[in-house]
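The chain below stands alone and is given as structure tokens, in the form predicted on its own.
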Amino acid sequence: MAGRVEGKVALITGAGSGLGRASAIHLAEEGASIIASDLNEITAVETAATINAKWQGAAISAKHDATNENDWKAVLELAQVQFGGLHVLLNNAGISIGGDIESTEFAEWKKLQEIDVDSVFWGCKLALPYMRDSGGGSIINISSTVGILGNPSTLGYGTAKAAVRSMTKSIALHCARHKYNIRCNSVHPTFIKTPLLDRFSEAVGSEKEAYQTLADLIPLGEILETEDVTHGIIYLASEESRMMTGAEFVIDGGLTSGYMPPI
């Protein structure tokens, strides 16, 4: 069913690669106008060019430090000037740094919270007036399964993603209370075949071995393709999910369901 987000304007952070790029392309395929933002301006331009090669004029790019208040103001104003408003905000920009409580350096901890949490705070806070004036819409915050489950090896990342989960609920209730017609949900994928797994692949020795190691942890036996997640994002961006807010949209092959003993 094409055109599920026809006429909507969507801003995607971290759109230069991985899940962000895949989401921008999928949203454009379903009819949205796209602002592809990324700290790496070159990759953001590449994402917009890929979209415009198929749907001329459907996308623009922006260099965007998602932790910077002024950058947020500039990219939101760009969306207003170029497309006349904003209906979908996908807070996707983020990093992953491993480490347990003893090995994690405070500087790494602060960096994770700034990029993975503060960016979502700024995006939601500053986008609300634009979305409200556009008639409402959908905020989609990318969290993770480690925002639900504990993992001793991802202390900082898990804490950040749990904060995104909690922030999402508070924002959802705020918007509902004030009748803004803005929904806010978090998406919790497990391991996805994106550059975020590169460091783990390097540590293991090969991408194939790394992917299999992670797949063995998942009851359905596979790690995610980006499309497994972007289909969920399309649903949350569309009016199909009009009664869904403050929820965790978990896409994890059964990982958070509990331990599945071997047969």
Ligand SMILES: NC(=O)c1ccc[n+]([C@@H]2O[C@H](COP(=O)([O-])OP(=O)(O)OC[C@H]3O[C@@H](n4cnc5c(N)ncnc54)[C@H](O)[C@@H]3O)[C@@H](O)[C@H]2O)c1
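The numbering used is simple: start at 1 and walk along the sequence shown. Model, not experiment: these values are computed from the prediction.
There is another form of this protein, the form predicted in complex with this ligand, and it is not shown here; the text below is about that form.
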| Considering this ligand in the model of the complex, which of Ile142, Ala79, Cys124, Cys175 comes within 4.5 Å of it through any heavy atom? | Ile142
| field | Of Leu197, Ile234, Ala58, Ile218, the one that lies within 4.5 Å of this ligand in the model of the complex (heavy atoms) | value | Leu197
| request: Decide whether Ala93 counts as a contact residue for this ligand in the model of the complex under a heavy atom distance cut-off of 4.5 Å. | output: yes
| Would Asp65 count as touching this ligand in the model of the complex under a 4.5 Å heavy atom rule? | yes
| query | Val117: heavy atom within 4.5 Å of this ligand in the model of the complex? | reply | no
| Do Leu39 and this ligand share at least one heavy atom pair within 4.5 Å in the model of the complex? | yes
| said: Please pick out the stretch from 80-88, 155-163, 102-110, 127-135 that is in contact with this ligand in the model of the complex, where contact means heavy atoms within 4.5 Å. | reply: 155-163
| request: Pull the contact list for 220-250: residues with a heavy atom within 4.5 Å of this ligand in the model of the complex, in sequence order. | output: none
